[in-house]
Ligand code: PSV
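Listed next as structure tokens is one chain, alone, in the form predicted alone.
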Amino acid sequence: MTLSDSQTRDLAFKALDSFQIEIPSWGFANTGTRFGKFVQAAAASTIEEKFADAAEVNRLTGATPTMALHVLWDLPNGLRDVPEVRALERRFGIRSGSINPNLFQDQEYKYGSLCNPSAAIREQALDHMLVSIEIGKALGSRDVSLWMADGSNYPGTQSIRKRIGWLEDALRACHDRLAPNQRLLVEYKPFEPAFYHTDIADWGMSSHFARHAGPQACVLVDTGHHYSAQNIEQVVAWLLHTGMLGGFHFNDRRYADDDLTLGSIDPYQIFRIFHEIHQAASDGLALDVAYMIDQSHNLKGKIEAVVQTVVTAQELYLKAALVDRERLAGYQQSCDLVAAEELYRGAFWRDVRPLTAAWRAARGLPADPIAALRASGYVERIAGERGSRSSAVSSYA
């Protein structure tokens, strides 16, 4: 059945009202590559500046009420920094989002953190995880997002099976400390910085560790953490089917974990992922999926890049929401391959920018957030205030 313009508008507004995406504090700071970093005058170098930038993005897009925090970069003093963060939440109207432990930066982690052969270093890493969980409790943050750099570079240099057991024990201990409303999101990555094996290399390993940890643990999918030919939407479909999908770190990639702005290389892939989620919801699956951004803006202006990503995510989410699933199901059942693919592709090629602009106007938001940011003079003002100070962030995951 073809929807009327008013029905399409109502469906679009409902979809956009339901969509929120978390932005990362480190997306506003001076980050870089293994070769160095290019400093931007407007980059945030304090937690206060990060909250200010996050508030500006939310003012423009209406879809980013939370900001992910990195424990060592944003709360270097642990729980003692919580009162300051709470005050910044009230001041800027932005809530603390997922809590991200740092298990890759300290020199002790040269041979791993939770999987290090040294029991003392494993204990140090576990203590950091437990502090991160307590920070989440104190801030009212639901999700603790775990990514580790653990792995090895050369065959025979580590016992892969022993490391599996060490990680199982650690994640179970973390799970036992979660509050009833908290979740542990277990992220995976096939390579980098370890190039022979990583201890959580794919979604199957991540699912195993999450199940072993307990019912409040699930899988975090970073769209940059896959091999080039991998069918990510199939991974998403499996995680949805098994009830193990907890959330996403969205970015785009051309070669490996490039952390480029969402949709800049393959927007069709993100559309396909969102379609699987909408389809699962349409099929009656109970979903609780956290949408988060994890990108490194080394060349683009940081705030512009975040706004650009949020707008793109809204558009792709809406395109997938407007797929005529009843007709598509009919074509799939009858194996009418061309009709099914044309309906699917047609939804992707549909220009939804007028609908998103209308939704923004109805919600008192700028119709064109990037143009509004440029017209506001915000970036120029903070560049003048912040000058050329370098961020305290010295590495990026």
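Because the structure is a prediction, the values reported are computed rather than measured. When you see a residue number, it is the position in the sequence shown, counting from 1.
The next section is about a form of this same protein that is not shown, the form predicted in complex with the ligand.
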- the ligand in the predicted complex: within 4.5 Å of a heavy atom of each of N100, K189 and D222? yes
- Even though the ligand is not shown here, does H70 get within 4.5 Å of it in the predicted complex, heavy atoms only? yes
- Message: Under a 4.5 Å heavy atom criterion, is H297 part of the interface with the ligand in the predicted complex?
- Response: no
- Quick one: does Y109 come within 4.5 Å of the ligand in the predicted complex, counting heavy atoms only? no
- Message: I'd like to know if D257 sits close to the ligand in the predicted complex, meaning any non-hydrogen atom pair within 4.5 angstroms.
- Response: yes
- Task: Could you tell me which of 170 to 178, 265 to 273, 84 to 92, 249 to 257 sits within 4.5 Å of the ligand in the predicted complex, going by non-hydrogen atoms?
- Result: 249 to 257
